[in-house]
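First, one chain by itself in structure tokens, the form predicted alone.
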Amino acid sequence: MKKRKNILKIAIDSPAAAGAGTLAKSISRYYNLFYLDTGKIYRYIAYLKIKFPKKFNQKFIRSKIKSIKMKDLSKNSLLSDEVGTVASIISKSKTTRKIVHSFQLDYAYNPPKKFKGSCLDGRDITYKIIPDADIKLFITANIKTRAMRRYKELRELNKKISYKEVLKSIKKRDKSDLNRKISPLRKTKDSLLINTTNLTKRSCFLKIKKIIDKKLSINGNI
């Protein structure tokens, strides 16, 4: 695989609803990086499985991934609890992960030319997808804070769900992400830990910006 040279690569891992997506988007906009929420890819595949159960197979997945557009990953329907549960199951499939892995690598190392680099967030980005990332972050927050964030997000989308249901779902997702045999969620030794529990979005962004700016000042144009 060909790799673009002198690009900034940022890898972010986090449990569900820790705020990694929001931070990654802000970072990407500020530094003109291509942003990819890798978890949304699995949610998109889960959405396809639910919507097209009879057509759903590896060939179908490959064809959809090849023609995927970023707007497909921003559908509100991907945020449903049902999609999240199916996504957690799908992500354990070696074959499916191989298909998604190839897609992720391409955007990580060969982002569109108009971008100065890439920023990916997910569960195994720091050690599986971009092990040589210039910046590695592990974003987290306590489980009640994460559940409340997801609950508010779903309520804004007019989803009828209780906080207790969301908390239960987050706990279930954490258990699955941490204990799965294939690419489990874990913090690498070279990843910087950022706990967002008591931080505002702005303070989180500034904290990470300081880290990135320091890296850029040392290495110049990466």
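Heads up: residue numbers just count along the shown sequence, starting at 1. Because the structure is predicted, anything quoted here is derived from the model rather than measured.
Below, we refer to the form predicted in complex with a small molecule, which is not included among the displayed structures.
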property	result
Partner proximity in the model of the complex: L137 to the small molecule, non-hydrogen atom cutoff 4.5 Å	no
Partner proximity in the model of the complex: R123 to the small molecule, non-hydrogen atom cutoff 4.5 Å	yes
Contact test in the model of the complex: A87 vs the small molecule, heavy atoms, 4.5 Å	yes
Close approach of A24 to the small molecule in the model of the complex, 4.5 Å, heavy atom	no
Interface residue in the model of the complex among R180, R62, K49, K187, criterion: non-hydrogen atom within 4.5 angstroms of the small molecule	R180
Residue stretch of 137 to 145, 123 to 131, 106 to 114, 67 to 75 approaching the small molecule in the model of the complex, non-hydrogen atom distance within 4.5 Å	123 to 131
Non-hydrogen atom within 4.5 Å of the small molecule in the model of the complex for each of A16, Y42 and R97	yes
